[in-house]
Each structure stands twice: as structure tokens, then as C-alpha cells.
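Below, in C-alpha cells: the form predicted alone, a single chain.
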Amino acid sequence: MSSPAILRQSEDSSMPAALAEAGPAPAVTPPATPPSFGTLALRWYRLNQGRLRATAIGIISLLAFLLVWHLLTTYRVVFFVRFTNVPSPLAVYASFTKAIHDPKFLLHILLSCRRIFIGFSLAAIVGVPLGLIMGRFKLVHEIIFPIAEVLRPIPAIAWVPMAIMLWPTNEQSIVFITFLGSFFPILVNTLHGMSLVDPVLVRAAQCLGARERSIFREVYFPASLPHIFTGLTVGMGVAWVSLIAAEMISGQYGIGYFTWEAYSLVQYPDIALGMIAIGVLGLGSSVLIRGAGHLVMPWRSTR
């Protein structure tokens, strides 16, 4: 037998052995079909079921509140509380549709928002670093804390005459009162957050050679952030209370002045409109702060 025939026979005999060693051929899997719209919607519903439930309950409660308000004002109920002069929801809505086309009403809202932004920003810029320093250095705490505790219980409305004497314009005095209203909650909550920092973490950072600046940045500040944002949220609410009180007494513009002017002119729907505007603006401010907190602290579980 010639050599080419021998080589061909050996190749033919080795092919079955090689195929046996390689094993069965892998099965060809068909391409995965994308999930349908119904499947995606069901997955989204399961992931957001808690939030949807909370939103639905909130909407139902608001509708129930409006219904009770409508019934009490329609039938002029007098039961310990008099609803004879309280405007109905429809009257307030009519006042709202009229006010949104009035540039003066929009000016009131813009001025109040600007005052809140300036006063609250100054309070946060001063209160948070001061609280961190007071919580870290005992001497600074002993110097400033007694003064802060004496001034903190003074209500914002009591500061109005002093603010008028201290500042040359009403605008500056109103911003100052707004600053005071939000400053003390921010300071106290920051101090509380600093007092709860685990000293083991501080000693561990010191053993690793961290300097004071690094300890502040890597240990104290992150550990105090939840309490800082709690102080910011509470401070925003107190800032609105202080602002409205200041605008009612010494202001010429602002949503607080609008509400007080409506009372002086016996325009009851505008009073309710001003109160609702204050509530909506305060809610929006708090939502913004909570949203910023969720972005800064993604490790915290949120509801």
C-alpha cells in the first residue's frame, strides 16, 4: 500500500477518536426575547408598590380633607369652632385663579422665596461649620454654647423690634429674623450629631496617621451628616414661621404680608389662599432638602 493511502487511512481512523474526546456539540441557544410591556410594568409595580400605596393614601386623605372642609363651610357648622366666616374650597379656588394672573401676587411669592433662600443659606453656612467646631473643640463649646442657649428660646416675633433697630432697611431685618429662625435648629442638631460620633473611629484614624483636617473630612463630617440634614429640615420649617411673622409685622411685600393684608381687608378667601401657599412653599423646600440628603447620603435607607 502506498504511503499517501496509509496517511489517509490513519486520518480517517483518528477523526472518530477526536470527536469522542471533544464531547457532544454545544446546543445552539436561540436569542432571548425581550420582556413584554406587561412584564416590565409588573416588575416596576412590585418595586414601587410601597411608594404607590403611600401616594394613593395621601391623595385619598387630601380629598377627604377637602370634602370635610366643603361640608363644614357649606352648612356653616358651629361646634366649638365656628365655620360661619370660613371660605369654602370653591371660593379659595376662585381666589387662586384670580391671583395667579396678578403680577403682585407672584411678586409676593418671589420675594418670600428670596428671603428664605438668603436667610436659610446664611444660617447653614454659619451653623454647620460652627456646630462641627463646637463639637470637636471643648473650649469653643464652652464659650459659645451658653450664649446660644440664652438666645435660642427667644421667639422670632420678639426679634422684630430689635431687628428693625439693628438693620437700616426692612428687607435686611426680615432676612436677619429668617436667619435666626433657622440658625439654632441647624446648630443644635449638628452638635448632637458630633456628640454621637463613635470615638473608636476617631482613635483608629489617629492611629493610621490621619491629621485633624482628615479626621474632620473622613470621620466627623460623614458621621454627622444625618443629623445635619435633620437640622436643615427643621430649620427650614422654623425659617418659614419666622419669615411669615416678620412679614406680617414689618413687611410690605411677601406672602405673609399678603395674608395679613387680606385679613385687614376682610378678604377671607385670600387668607386661606395665603395659608395654603405658605404650606406648599414650605413643603417644597423640605422636599428639596430631603432630596439633597438622599443624594449626599446614598448609603442610608429611605422610605
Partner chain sequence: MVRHLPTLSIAMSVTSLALLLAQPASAETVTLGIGTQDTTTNTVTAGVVIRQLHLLEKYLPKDGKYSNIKFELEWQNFTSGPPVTNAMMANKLQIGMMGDYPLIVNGFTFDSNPESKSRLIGIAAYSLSGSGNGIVVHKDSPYYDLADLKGKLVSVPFGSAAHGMVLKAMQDRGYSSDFFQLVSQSPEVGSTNLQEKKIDAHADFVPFAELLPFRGFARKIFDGVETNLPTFHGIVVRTDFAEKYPEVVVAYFKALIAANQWLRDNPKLAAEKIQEWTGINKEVVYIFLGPSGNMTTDPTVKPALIDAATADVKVLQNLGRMKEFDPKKWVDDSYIRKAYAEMKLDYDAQLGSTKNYEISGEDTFCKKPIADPRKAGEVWVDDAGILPFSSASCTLGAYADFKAKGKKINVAYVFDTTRGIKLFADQAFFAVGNGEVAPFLLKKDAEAYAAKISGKVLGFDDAVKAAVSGGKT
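Note that the structure is a prediction, hence the values are computed from the model and not measured. In this text, rigid core is short for the largest set of C-alphas that superpose within 1.5 Å between two forms. Positions refer to the first chain, counted from 1.
Unshown form predicted together with its partner chain; subsequent notes refer to it.
- Residue contact check for S264: one or more of its heavy atoms lie within 4.5 Å of its partner chain in the predicted complex.
- Put simply, R82 is close to its partner chain in the predicted complex: some heavy atom of it is within 4.5 Å.
- Using a 4.5 Å cutoff between non-hydrogen atoms, P129 does not count as a contact of its partner chain in the predicted complex.
- Although the partner is absent here, A148 lies well away from its partner chain in the predicted complex, with no heavy atom inside 4.5 Å.
- The partner is absent here, but in the predicted complex a heavy atom of M165, alone among L208, L139, V200, M165, sits within 4.5 Å of its partner chain.
- Heavy atoms within 4.5 Å of its partner chain in the predicted complex are found in exactly one of 56 to 64, 236 to 244, 37 to 45, 267 to 275, that being 267 to 275.
- Of the residues in 246 to 264, those that come within 4.5 Å of its partner chain in the predicted complex through at least one heavy atom are, in sequence order, M248, I249, S250, G251, Q252, Y257, E261, Y263, S264.
- Annotation: Cα of G251 displaced by at least 2 Å between this form and the one not shown, core superposition.
- Fitting the two forms on the rigid core leaves the C-alpha of S61 displaced by under 2 angstroms between this form and the one not shown.
- Compared with the form shown here, the Cα atoms of D102 and S250 move at least 3 Å closer together in the predicted complex.
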